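The chain below stands alone and is given as C-alpha cells, in the form predicted on its own.
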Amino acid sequence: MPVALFWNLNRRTLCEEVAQLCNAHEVDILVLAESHMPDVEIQRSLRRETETVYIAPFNELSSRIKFFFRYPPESVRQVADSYGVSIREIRPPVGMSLLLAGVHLSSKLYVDREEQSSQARLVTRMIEEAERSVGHERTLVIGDFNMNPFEGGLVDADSFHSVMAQSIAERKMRKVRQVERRYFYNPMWGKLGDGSQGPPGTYYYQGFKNRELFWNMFDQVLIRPELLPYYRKEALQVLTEVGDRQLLTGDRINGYFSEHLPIMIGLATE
C-alpha cells in the first residue's frame, strides 16, 4: 500500500518533524509546499529517521512543490511541471503505476475566486493531457488548493469536477453541454466540521469580514474513479501530532509548526 503525505510547511524549518511523520506512517511519497529547506537536508533527516533513501526529483518550473519518493530513481518519471503543479508517473517495483499530481494553487490573499477557478481549469487540462500521455487515469491529486471542497474551482464540471459521494464518482463522467466531463472523488468533504473524525479542517483563519468560515479544508486529496477500488476511508487522515507533540493548541492550529495540518492517504494497490 503506497502511502502519500502532504504538508504545507508555511516556510518553517521542520526537517525533523517531517522525517518523524514519514517514519511513523511509513510514507512512500512525500509532497511538500512552501518548503524553504534544502532538499539535501530533508533527505538527510529522512535517512537518519527512517533508515531509507528518498530520492528528490527536481521540479523544473514549480518550486512551489517538492517531491520525495521512497522508490528507485527509475520508478519515477516527470510528466509535466508548471506554476503550482507538478505531475509524475510512478511505476513502483511492486504494484501498478500511478499518476501523481502535487498542487499548490494561488492564495485568496493574492487572487480572487474567479482567478482561482481559472487556474483550477488550467491545472485540470494539464492533468487530462498527462493522463492521455501515460495511457491511463489512475490519478491521485494532492496538495494545497487554497479553496474549500465546495468552491467553484473544485466542483465545476469544466474544472476539477470533484464530488462528495463515491457512488457518483463511480459513474466516471457526465455530459455537460454535450461535452464529457470526468469526475474526481473528493473524500475531504467527509473531514469537514465537528461531525468528522479529527479536526474540522486543515487551515484556520479568523478574519474580520462579515462571512468567516474560521476552519477551512484547503489541503485535499482528489481521486479518479479508476483508483476507487483501492481506496479505504480509514487510510485518509488529517494528522494532528508529531511524536508526542500536538499540532493543535486548543481549538486552533499550533502556528509554531505551520498554519496547515498535514494530510495522508494510503492506497491498497498491490
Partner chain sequence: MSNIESFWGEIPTPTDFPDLPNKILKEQGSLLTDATDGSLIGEAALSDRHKQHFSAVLRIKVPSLNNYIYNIVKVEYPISIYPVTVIDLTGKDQNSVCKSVDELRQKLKQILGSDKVKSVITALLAQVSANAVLEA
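Residue numbers count along the first chain shown, from 1. Computed from a predicted model, the values in this text were never measured in an experiment.
Heads up, the form predicted in complex with its partner chain isn't pictured, but that's what we're talking about next.
Contact annotation for Thr50: at least one heavy atom lies within 4.5 Å of its partner chain in the predicted complex. Of the heavy atoms in Gln246, some are within 4.5 Å of its partner chain in the predicted complex. In the predicted complex, its partner chain lies within 4.5 Å of some heavy atom of Asn23. In the predicted complex, at least one heavy atom of Val94 sits within 4.5 Å of a heavy atom of its partner chain. Residue heavy atoms within 4.5 Å of its partner chain in the predicted complex occur in exactly one stretch of 228-236, 212-220, 197-205, 29-37, and that stretch is 228-236. For the candidate spot formed by Cys15, Gly190 and Asp251, no residue has a non-hydrogen atom within 4.5 angstroms of its partner chain in the predicted complex.
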